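Given as structure tokens, the chain that follows is alone and in the form predicted on its own.
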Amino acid sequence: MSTTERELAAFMAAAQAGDGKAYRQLLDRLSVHLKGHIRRMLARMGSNGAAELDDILQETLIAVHGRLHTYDPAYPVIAWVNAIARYKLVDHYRAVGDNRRKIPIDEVETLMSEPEAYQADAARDVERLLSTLPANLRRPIEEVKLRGLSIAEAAGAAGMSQAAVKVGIHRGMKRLIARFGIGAPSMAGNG
């Protein structure tokens, strides 16, 4: 976890607890981060309009304010606010009906994806979450959900029955949901 992420997480926790000073510091830090992030997203779309940047930044900060109580400290603050900014960017273009910017379909994923640093943070977070599970629950999730193996392939690799792999995935995901309040995932396997 980066120093910036740790600082934002501390400000977020204090702000959620009602600390007004921490809340102001959080918004100041997020404003600086989000300006750069939104500017990069707009540039990928062929726009450099300061008015658009300011509008999307303001809408993002309003959304952060309105959703502050829903933030889960188990997740990175930066990834959380970047996701909100992406949605606000999409909302902005829907609202203004801007059809001038045609984005080739193969560039949509790049526009909406996180920079590599955030992907690395997310990978570490997933690893940290899974490390809280015993091996018999963690390994089936890693093999099927992360590596993309079929239930049969995961069973063979782990020396388990297919039923044991399915049960391991179900119980492991259920335990993560209960422990971390993660939204309900699909319990279906990949094969």
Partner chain sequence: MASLGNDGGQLLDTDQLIDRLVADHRRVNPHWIERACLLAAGAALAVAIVLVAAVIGFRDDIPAAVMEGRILAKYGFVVLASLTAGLVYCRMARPGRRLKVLWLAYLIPLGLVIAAAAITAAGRGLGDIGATVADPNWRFCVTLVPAFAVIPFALFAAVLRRAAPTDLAGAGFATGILATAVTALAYAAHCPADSPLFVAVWYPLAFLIGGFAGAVVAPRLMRW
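Residue numbers count along the first chain shown, from 1. Since we're looking at a predicted model, the values are computed, not measured.
Below, we turn to the form predicted in complex with its partner chain, even though it does not appear here.
Between the options V126, A152, I62, L146, the residue in contact with its partner chain in the predicted complex by a heavy atom within 4.5 angstroms is I62. Among N136, Q58, T132, S161, the residue placing a heavy atom within 4.5 Å of its partner chain in the predicted complex is Q58. Its partner chain is not drawn, but in the predicted complex it has a heavy atom within 4.5 Å of A17.
Interface residue remark: L27 is counted as part of the site for its partner chain in the predicted complex, having a heavy atom within 4.5 Å. At the 4.5 Å threshold, heavy atoms of L68 reach its partner chain in the predicted complex.
In the predicted complex, its partner chain lies farther than 4.5 Å from every heavy atom of S47. The chain is drawn here without its partner chain; in the predicted complex, the stretch among 153-161, 136-144, 50-58, 37-45 whose residues come within 4.5 Å of it by any heavy atom is 50-58. Shown here without its partner chain, the chain has no residue in 156-173 lying with a heavy atom within 4.5 Å of that partner in the predicted complex.
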